[in-house]
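There is one chain below, alone, in structure tokens, taken in the form predicted alone.
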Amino acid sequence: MARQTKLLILASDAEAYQQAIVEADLPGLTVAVSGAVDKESPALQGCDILLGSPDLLCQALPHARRLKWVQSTWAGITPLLAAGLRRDYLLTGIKEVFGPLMAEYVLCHLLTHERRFLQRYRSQQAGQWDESPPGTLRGKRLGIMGLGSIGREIARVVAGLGVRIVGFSRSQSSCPAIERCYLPAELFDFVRNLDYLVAVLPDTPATTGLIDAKVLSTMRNSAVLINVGRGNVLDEAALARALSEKKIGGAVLDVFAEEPLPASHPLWQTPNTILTFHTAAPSSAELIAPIFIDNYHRWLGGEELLNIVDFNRGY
């Protein structure tokens, strides 16, 4: 009798993943779950596959002696790329899932800004009748940094409201909703005339600190930055200064270099800043389990898995 393939799920909501996977009745698979890493656990030491959040997976790697494949439940896999961690396994990530949620998030904040919702709410609280005219998205120029599945979905959704969209990517990329794609050497030309800059870049050495004081000083003083990618892309101190000195118009930040954001961080008190605490597109078993199930069938059939991560590129 063939040995069973052993899966260990490491996530705070591991039971939800377990239920979805067990209900799929995957052949030859036994499933164990844990919300924390126990290096002495037989389930960890004997697993063939790990499924879970990278913050836990990176702790488990040294103790998973039989490991062949890791499926992340996050779009970002930065903890698994730390120096010194093993890379002798197949790593698969998440794509084509978070785009709709991210597009909703971006569209929400674009409309909030143009329609001056926060200003009108403050007027309401003060008992003031506020007839100041709203703006409109039609004709505005929006730049998207990162043209993977999330960036392309944001472009598709926002373009329907008459927004002019340009993109920024390490390689030339075409997208029906994007007028032009700028390359890294054209970064300053890319940001110069934007009304909105939306960052959805992965966490790699090439993206770290990409939005710095020079980039911020090149942007219009009315421009709004929305970061839903990774916190490493942004020089947070430079952003706080730019906002305080009114060199840009505002910022909406969902991700940060350190999470949770320290209580002493200046962004808590920076004007024209909205913080949303990494809630733009949360992972859930409902979204992620079907990707694992599809990949497991591919695994059994000897097919190439979906969303394989290149350790050298970081995505």
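Bear in mind the structure is a predicted one, so any value in this text is a computation, not a measurement. Position 1 is the first residue in the sequence shown; the rest follow in order.
The protein also exists as the form predicted together with a further copy of the same chain; that form is not presented, and the subsequent description refers to it.
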| query | finding |
| --- | --- |
| Contact label in the predicted bound form: residue 88 to a further copy of the same chain, heavy atom within 4.5 Å | no |
| Distance check, residue 53 to a further copy of the same chain in the predicted bound form, heavy atom within 4.5 Å | no |
| Exercise: residue 276 in contact with a further copy of the same chain in the predicted bound form, heavy atom 4.5 Å | yes |
| Touches a further copy of the same chain in the predicted bound form: residue 115 (any heavy atom, 4.5 Å) | yes |
| Region of this chain that lies against a further copy of the same chain in the predicted bound form, out of 213-221, 74-82, 237-245, 107-115 [heavy atom, 4.5 Å] | 107-115 |
| Candidate site 100, 160 and 268: all three near a further copy of the same chain in the predicted bound form by heavy atom within 4.5 Å | yes |
| Position in contact with a further copy of the same chain when the complex is considered in the predicted bound form, options 180, 156, 170, 192, heavy atoms within 4.5 Å | 156 |
| Contact set, 108-130 vs a further copy of the same chain in the predicted bound form - heavy atom within 4.5 angstroms | 108, 109, 111, 112, 115, 117, 118, 120, 121, 122, 123, 124, 127, 128, 129, 130 |
